[in-house]
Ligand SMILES: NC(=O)c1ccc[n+]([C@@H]2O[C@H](COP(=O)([O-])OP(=O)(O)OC[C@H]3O[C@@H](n4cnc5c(N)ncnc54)[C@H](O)[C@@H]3O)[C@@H](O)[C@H]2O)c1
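Take a look at this single chain, the form predicted alone, given in structure tokens.
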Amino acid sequence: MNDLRYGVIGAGMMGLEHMRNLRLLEGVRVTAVADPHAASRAWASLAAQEAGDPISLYAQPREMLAREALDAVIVSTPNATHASILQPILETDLHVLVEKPLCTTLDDARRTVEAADRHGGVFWVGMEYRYMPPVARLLEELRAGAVGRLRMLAIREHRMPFLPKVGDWNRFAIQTGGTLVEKCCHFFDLMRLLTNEEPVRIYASAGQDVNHLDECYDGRVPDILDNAFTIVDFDGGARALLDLCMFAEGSRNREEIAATGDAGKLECFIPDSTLVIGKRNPRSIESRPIPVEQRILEAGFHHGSTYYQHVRFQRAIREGGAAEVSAHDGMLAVAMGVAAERSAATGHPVEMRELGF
């Protein structure tokens, strides 16, 4: 079959990660990049030259869409721009992978879902964490009944602070949706996936206690949360906890997941890349390494997940399948983040029905 021709909108850190991972796949080519920031276009051009792949560069996405013959588009622009950038794309039949979060507000997310439902191509939301190999193996064991009925899910991300971005857009909640939307939509998506249930109630205790307090941009001090505990009750009786700390560079593992049921417990650790399977009766504990090829690890910052996500995205395009992470999934992850941000601000639990879910 002919190579799939990709255009990338947004050539920042994540856009370049997508380009590096697409180069590892057979049957795809990045042929065009659009970004209003001249330095970002230069980075994309350099990355393409190093790979020996000529690309066309555009300052505006609409110009790229009008001039280029494309099969698929990757949208990896700042969060608050997703809704407006997706609008003209969803009027075409191009296949789309949009980075998380789908949008920064529920109104934009709902409008995007309505447009995606009418869209003729594959529409995929970039929830990369699903595709980290240790997480994918944990899900397989969970679905196979390794822990019996899942009752408790605990997700921990202890990491470094937000990195600098073009225009410092990720320092302010109005542009990110807030940390519990911007960063934690990944984990709220994982909660729905792993429990196979829907959220009914969310309580968050959070603060901005360490990071960015000495920064000032045009007279504004950043207002993004840097730590939180968030509890989610699900409609099937499972409950989940997110433990987020963004001033924890001293951690051995950046992500840890524990899924505990009435028959046992599953744990995975990243970047140690291990899966631990524990049984209650008879008691046993087994640790399994989950290897990831070095070339795949070196292509990004998400433990190989960007590569494996693109494998699945390409398969859906070629085989005419549905997106594994739909616009509706993206909207629910945003809604959970919005509920968590509201709970953190008010000190009260938020019922998902208050948000229309």
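From 1 onward, residues are counted along the sequence shown. Keep in mind that what you see is a predicted model, and the values were worked out from it rather than measured.
Same protein, other form: the form predicted together with the ligand, not shown, and the subject of what follows.
Contact here is defined as any heavy atom lying within 4.5 Å of the ligand in the predicted complex, and by that definition not a single one of Val73, Val96 and Asp189 is a contact residue.
With the partner omitted here, the stretch from 310 to 318, 36 to 44, 284 to 292, 63 to 71 that lies within 4.5 Å of the ligand by heavy atoms in the predicted complex is 36 to 44. Contact with the ligand in the predicted complex, defined as a heavy atom within 4.5 Å, holds for exactly one of Tyr203, Tyr217, Trp169, Phe247, namely Trp169. Interface residue among Asn79, Ser273, Asn227, Asn211, judged by heavy atoms within 4.5 Å of the ligand in the predicted complex: Asn79. Contact annotation: Met336 falls outside 4.5 Å of the ligand in the predicted complex, judged by heavy atom distances. Among residues of the shown chain, Ala340 is not one whose heavy atoms approach the ligand to within 4.5 Å in the predicted complex. A residue is said to contact a partner when one of its heavy atoms sits within 4.5 Å of a partner heavy atom; Leu22 fails this definition for the ligand in the predicted complex, lying far away.
The ligand is not drawn, but in the predicted complex it has a heavy atom within 4.5 Å of Met13. With contact defined as any non-hydrogen atom lying within 4.5 angstroms of the ligand in the predicted complex, His302 is the only contacting residue in 296 to 329.
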